[in-house]
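Okay, so here's just one chain, in structure tokens, the form predicted alone.
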């Protein structure tokens, strides 16, 4: 028996609820898994959560709970959402699972005994956001992206993996297997990175305790990336190894295309695989980010149904590239393609078969040139769709299919079956039109089943089938074969969205321009001269850490990067903001304010906020491309 097709998602970090970025990756994996099952293959599909590391430890401490309690709480959001969406993964792995922990420790010891892991002292830069030590080259990249504020100097004893020893072997593998990373331009990025030189990789920490202990040296915990990446090995049965396809976001590609194969090479477990790096969903020109307040949650979109969200993801995102999201664009796509497109075509076709042939699909006795053109079009579209889907390009596959479906609408307009039905002499032509439309819908139900399983099943049953479309295979399907029996009653596939109503529910109402809000504010203060004003030093800052001050419902203690240094600032904003919502937020800081103690904590600065006497404080936020340390003037 052949090896199952093995597909993975990244394991998602338990620092937040799932957003549409997590959901997109998991939907893509599920669509691919379903597609391969309909190709007649066995499939092993793995997803899960990454639960160790400094950020989880700190977030749990800030809430007064254990890291495991925090992880359990967040993981439930993922498992419940994937169940609601009908994901077909075989295992949901957690890095806190005992079998995973045991295997990670065994592999660590194996590489330690082999000499590929050694103990030394690390001194250099560490990226807080990525939980990774960075090289000088990587530090320059972060600086160019305006992310240098996330770097801190660290010196600590650590275990290293001899990554440098695998540079030549990695480059040789890249040369022999250009399919290793897709798309091509991402592959070239990886090659250039490795060609620039690899340094040995720190894979343990002593400054945190939340992680898998190093066997025999338990003051160290195994660093999160060595732990996390191994889930793809520890989470699958031996019969499914190695992965055939691993889906990752472009931001974690290097970890998967450099560190991950090097670990496996050292362990003697590496075999060819493919890593597919997809882009980001953007709001405007920005990546979705909780700190920017522009995150779209899947539950907001699932009001329109699982299949609607799945279709939109596959139809609109070209794998490898970023894609802008808007609620209006989301609804326009669904109305155009599902309500007005496929839904309308199915309703018209099935109604005509019921009305003109009593629900019995005719076998055409003859076809004219137009009929033959549409029949040949289906014979060409079906394999082209499968070819593009096999290459994981469902965006292009669906585009091919929907182009054909639009052509069918034109076919109906030209053939005018409602006129043909008025005279029995036209029966051969009417039979040909109805048969072509039926066959096209039958093929469509089959092709879109991995993308929209519920809608496809509804259409399949309306076409007279009593089986499960997802259990039908593509191979050998007779596109021009007779109908299995009379059709069923037409069932609505997708209800047209009232865009205006839905947008008014989803988006906050705009204040009419002519309406002036009443303000409860003091009169303008006494005039000061310019010299007095310019003594106030205002700086752009970024909030790195935030936690509530015990015994206070108003005060929040923050660590704020102001470019030149990091400050502890206590602000009375606790009734307006949650600490988690403040992380990475840009603010304006009064930098030369004399320190003062609040609840026993010395606060060195003040954040600017706007409000009237009756409203909550609104932190003054600089533009997203401003950098900590910028002078506000």
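Residue numbers count along the first chain shown, from 1. Quantities reported herein were computed from a predicted structural model and do not represent experimental measurements.
The same protein has a further form, the form predicted together with a small molecule, not shown here; the description that follows concerns it.
Proximity to the small molecule in the predicted bound form, taken as a non-hydrogen atom within 4.5 angstroms, holds for one residue of 559, 499, 287, 140, which is 287. For the options 82, 382, 193, 281, the one in contact with the small molecule in the predicted bound form, meaning a heavy atom within 4.5 Å, is 281. Residue contact with the small molecule in the predicted bound form: residue 231 places a heavy atom within 4.5 Å of it. When the small molecule is considered in the predicted bound form, residue 252 lines it closely, a heavy atom lying within 4.5 Å.
Among heavy atoms of residue 330, none comes within 4.5 Å of the small molecule in the predicted bound form. Shown alone here, residue 30 lies farther than 4.5 Å from the small molecule in the predicted bound form, counting heavy atoms only. Just one listed stretch, out of 231-239, 431-439, 261-269, 358-366, contacts the small molecule in the predicted bound form at the 4.5 Å heavy atom level, and that stretch is 231-239.
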